[in-house]
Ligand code: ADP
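Listed next as structure tokens is one chain, alone, in the form predicted alone.
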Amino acid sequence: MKKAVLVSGIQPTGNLHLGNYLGALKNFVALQNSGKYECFFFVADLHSMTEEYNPKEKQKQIMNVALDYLAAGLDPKKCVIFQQSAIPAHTELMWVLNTLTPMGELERMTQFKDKSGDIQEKRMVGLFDYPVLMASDILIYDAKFVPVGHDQLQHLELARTLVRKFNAKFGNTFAEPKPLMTNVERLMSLDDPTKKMSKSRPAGCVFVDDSPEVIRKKIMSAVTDSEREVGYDKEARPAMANLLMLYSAMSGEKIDMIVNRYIGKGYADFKRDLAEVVISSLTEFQKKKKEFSKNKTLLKTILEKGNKTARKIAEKKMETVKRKLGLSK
């Protein structure tokens, strides 16, 4: 029986942080190893162009995400790892989908509003059209499932809407993708629990490549609250709740077990242990990444092979789309 296709990607916009590691990388590996899906994981370099970047650094960033994939445990024998921009059919299908997408659908996207603000000069077409490219990334491979967090649900729903519109107008062509929700809650910044962990706030962000010394410093500096003991209350104690969630996610232990361990102990003891848990959890990842980085030929070969596989599938799908549209025989 043919496995259901699953598609996802990560943007190459700098080093990944623990939010990316827990919400995406570890989840990707678990999905790959479940044996349930035919997995396609790509480096979303076209999406990353919606943010300011240095072209001289882009290749390095692309390879860095590919290294993160391999170091986390993605296996090119079990999944397809490829570069988005190496598959022209992504943007070709995007144009087709653009002709079916009302402006109003894109104007209501909360991520566009949050990232572009009210300054007209910052309201770029690429950022506005981002969800349509995301839909193309998914539909070109007939993905049945897409692992997403809550912040991407709105974009995925647009993809589902476009499937229904295209199929109704031109005949059954695309599969309607379903979300696979990640179990890990969104990590918040260590220096401000009201804001999500982000590369734009490096002081409150633990990166997967951070050294043990840097990790200890960041976690020991993390904000807590005025209470005397470790406790979990997401609403009343968001900073401590965030640290406990991080501890639980990195260690695999339940939060209530962790809280019980620190009865009668202070925040300093908790933070010191949390830092060591994070360091220990990243040790193997960092070791593998260093090893893979020494073999640039292997990394290039893996991407080229993945690109070839993805390109063949995507081009075949575009041939079908063009026939349905009357663009080819």
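Counting begins at 1, following the sequence as shown. These numbers were taken from a predicted model, which means no experiment stands behind them.
Unshown form predicted together with this ligand; subsequent notes refer to it.
- For the candidate set 74, 158, 80, 148, a heavy atom within 4.5 Å of this ligand in the predicted bound form is found for exactly one residue, namely 148.
- Contact with this ligand in the predicted bound form, judged by any heavy atom within 4.5 Å, is made by just one of 173, 224, 152, 85: 152.
- At the 4.5 Å threshold, heavy atoms of residue 167 stay clear of this ligand in the predicted bound form, well away from it.
- Contact annotation: residue 184 falls within 4.5 Å of this ligand in the predicted bound form, judged by heavy atom distances.
- This ligand in the predicted bound form is not approached by residue 234, whose heavy atoms all lie more than 4.5 angstroms from it.
- For the chain shown alone, residue 198 is a contact residue for this ligand in the predicted bound form, at least one non-hydrogen atom being within 4.5 angstroms.
- This chain is displayed without this ligand, yet in the predicted bound form the stretch 22-30 from 288-296, 59-67, 270-278, 22-30 comes within 4.5 Å of it by heavy atoms.
- Shown without its partner, the chain has no residue in segment 274-311 with a non-hydrogen atom within 4.5 angstroms of this ligand in the predicted bound form.
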